[in-house]
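Encoded as structure tokens, the following chain is the form predicted alone, with no partner shown.
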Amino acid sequence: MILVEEAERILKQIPVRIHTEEAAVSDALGRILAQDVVSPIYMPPFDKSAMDGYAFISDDDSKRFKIIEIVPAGVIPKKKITKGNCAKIMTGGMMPEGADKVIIKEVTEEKEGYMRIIGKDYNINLCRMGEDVKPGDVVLKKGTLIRPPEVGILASMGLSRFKAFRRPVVGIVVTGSELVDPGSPLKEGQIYDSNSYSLSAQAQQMGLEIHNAGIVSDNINRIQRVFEKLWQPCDVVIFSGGVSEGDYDFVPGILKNTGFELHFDKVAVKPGKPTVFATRKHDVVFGAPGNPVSTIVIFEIFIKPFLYRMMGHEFKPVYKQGILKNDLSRKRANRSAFVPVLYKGGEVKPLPYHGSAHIFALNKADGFVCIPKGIKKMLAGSTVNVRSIQ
């Protein structure tokens, strides 16, 4: 059994194949940039008004100003501003030549083609050409995860397509003769499969393509047949269940018999001790225990960062610091434990949690607090880091 930190070190050292492809900006969300994005233009591309108002010369002390032009956004001004004159301008409108300030409409009065200033406005209310970005500036770096703001940046650069890292295709297999699909009648001794759905949701949240093989009964030949079929479309296969040491835990044996190298099969983590990671050339397999919380935690801690590595991105979990409201204790300290908590206003409250099958505990959880190996009790009032559920 290896430590969490050792498992993470192994995962970071395994070579991965990274491919690039062209992607449309309309499909950019969740993609990873495979190139630096360099601006070809100035942003803003011209001096423009930041407000609705009147463009004039700031040191002009005229009592009133003749409105010689109206400048909506998208229209090029035709007249030069001189003292005693102004242009009525809309937000985003190009500044006319000669003007160096926009006075907001709210502190002016317009009458019979003239504008008079009746209040104070200490702002210049204009955006200078290139004050945000100049040609040659790197606006987004290679390896950036594209969120909605980055989609807007790509579009603002005039790009319709860009170079992205290819997303790995993920196969999901859940094993267990006791499992049935939601929507089916539940017989005695059976439970509904939730893991294939939660794993698919976690992978889909990353924008990955999923091949969900569904439920496979605890039969070594059936598991192996499904496993072999997944390699044609998939880069990574994730097992849920069948990875421990019981009579019906066939996954480690199947991996060994099909040429995979097991880099680890037990990690000092709770939940999720019998976690498997194996490779065969460029094929990658993860095996998570069958209990629902274990599956979710193991994906978050080990699988997600590795999948992002395959996409050319370094995943960094989000942590929030807070004060523990109640003592957090346990009987045994031989593993690092991830405990669901509620985070509110800097206060961290442990939630009622009955173990790795208690998926309902995650409904109200904002994240996990890790109790390190060797620690049995964390006292109320302690400062702790909450790893956000993303």
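Start at 1 and count along the sequence shown; that's the residue number. Keep in mind that this is a model prediction, so the values were computed, not measured.
Omitted from view is the form predicted in complex with adenosine monophosphate, to which the following refers.
Taking the partner from elsewhere, A201 is found to have every heavy atom lying beyond 4.5 Å of adenosine monophosphate in the predicted bound form. Contact check for I118: no non-hydrogen atom falls within 4.5 Å of adenosine monophosphate in the predicted bound form. At a distance threshold of 4.5 angstroms between non-hydrogen atoms, P96 is out of contact with adenosine monophosphate in the predicted bound form. Mapping the unseen interface onto this chain, D193 counts among the residues with a heavy atom inside 4.5 Å of adenosine monophosphate in the predicted bound form.
At a distance of at most 4.5 angstroms from adenosine monophosphate in the predicted bound form, all three residues V174, P289 and P292 contribute at least one non-hydrogen atom. The stretch among 141-149, 220-228, 307-315, 193-201 whose residues place heavy atoms within 4.5 Å of adenosine monophosphate in the predicted bound form is 193-201. Note on contacts: among D283, E178, E110, E209, the single residue with a heavy atom within 4.5 Å of adenosine monophosphate in the predicted bound form is E178. A heavy atom within 4.5 Å of adenosine monophosphate in the predicted bound form is found for one listed residue only; from D100, D249, D132, D137, this is D249. In the predicted bound form, S240, G241, G242, D249 are the residues of 224-256 with at least one heavy atom within 4.5 Å of adenosine monophosphate, listed from first to last.
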